[in-house]
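A single chain, nothing else alongside it, follows as structure tokens in the form predicted alone.
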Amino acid sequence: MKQLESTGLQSHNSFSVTASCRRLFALEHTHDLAELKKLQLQTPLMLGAGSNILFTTDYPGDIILNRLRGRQIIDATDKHAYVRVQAGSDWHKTVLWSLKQGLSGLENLALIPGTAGAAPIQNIGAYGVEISDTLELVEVWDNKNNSARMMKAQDCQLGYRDSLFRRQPDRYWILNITLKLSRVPRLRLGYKGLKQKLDSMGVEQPQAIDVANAVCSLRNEKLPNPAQLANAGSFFKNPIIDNQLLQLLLQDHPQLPHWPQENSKSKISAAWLIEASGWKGHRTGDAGVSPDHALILINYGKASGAEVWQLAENIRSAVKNKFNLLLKAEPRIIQAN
């Protein structure tokens, strides 16, 4: 396990907020895991690309940067291929790599920032597809038992932007994931705007790579690049509510976007709720809401994590007051005890 000299975290989180930790390590080989006990780690936190975390304060313990990288086809049939991806591998590059191998299943998830290890934690999803659609296995380091173990996808309790790993964030460290991808493309084009984008690109018979290109174009149009404007993507989850409550909301707000879910529930648009509450494009100092997409909170330069979180709290309060709904944050929020 390599210990880094600097404990600064600004370059290790996509919000680019200033924070530090007790010690900072880089995990580059799985055999280093057996040496963890010798390090006497204090409240250790495993961090990938830092694209789904907000430090509102310094982290009091040790942070380990997941730098386990690599991807390979481990088994294949005429119809499918099983791909193992190390957790520290860049997610978007993994999508592009899979397409070059003639495999489909990840094209709708192109250009999502972060690492492969973060994918099952959030059960990342976009344009009608979630990682749960292709996930087979997750190898983890179990901090409770100090050993590696393999978990089947169904044991990971994947839900909408949720998983066992999110609910027990420090017990399991993801080492690699195994995906079942298709050699015979079964394109998912039902999401609003995706087919229209392909049509505008002049693509009449799309292939998987065309879908990925269309998704990248849509994301670039709607979402700010974290390398240019520091952000963590969608900051709030879309609320899932009972249909009875939905009907009450639609009486006063018939234009509220909503999508049917299982068990007599519906998902409603958090972006619409925020915009209807008057917060789209709002800015306080260097902490602001994107003028193009109300779900994106931005650090325009020197905002602290605490200032970004205060903005989020103000938005949550405004939505609660107007709609009696409390928005939930997608990123993990690191706060002082």
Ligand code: FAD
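In this text, residue numbers run from 1 along the sequence as written. For clarity, every value in this text was computed on a predicted model and none was experimentally measured.
The discussion below concerns the form predicted together with the ligand, not included here.
Heavy atoms within 4.5 Å of the ligand in the predicted complex map, among the stretches 172-180, 71-79, 240-248, 94-102, onto 172-180 alone. Under a 4.5 angstroms non-hydrogen atom cutoff, the ligand in the predicted complex lacks P185 among its neighbouring residues. Within this chain, A87 lines the site of the ligand in the predicted complex, having a heavy atom no more than 4.5 Å away.
At a distance threshold of 4.5 angstroms between non-hydrogen atoms, Q122 is in contact with the ligand in the predicted complex.
Not displayed here, the ligand is kept clear of K195 by more than 4.5 Å at the level of heavy atoms in the predicted complex. Shown without its partner, the chain has no residue in segment 189-216 with a non-hydrogen atom within 4.5 angstroms of the ligand in the predicted complex.
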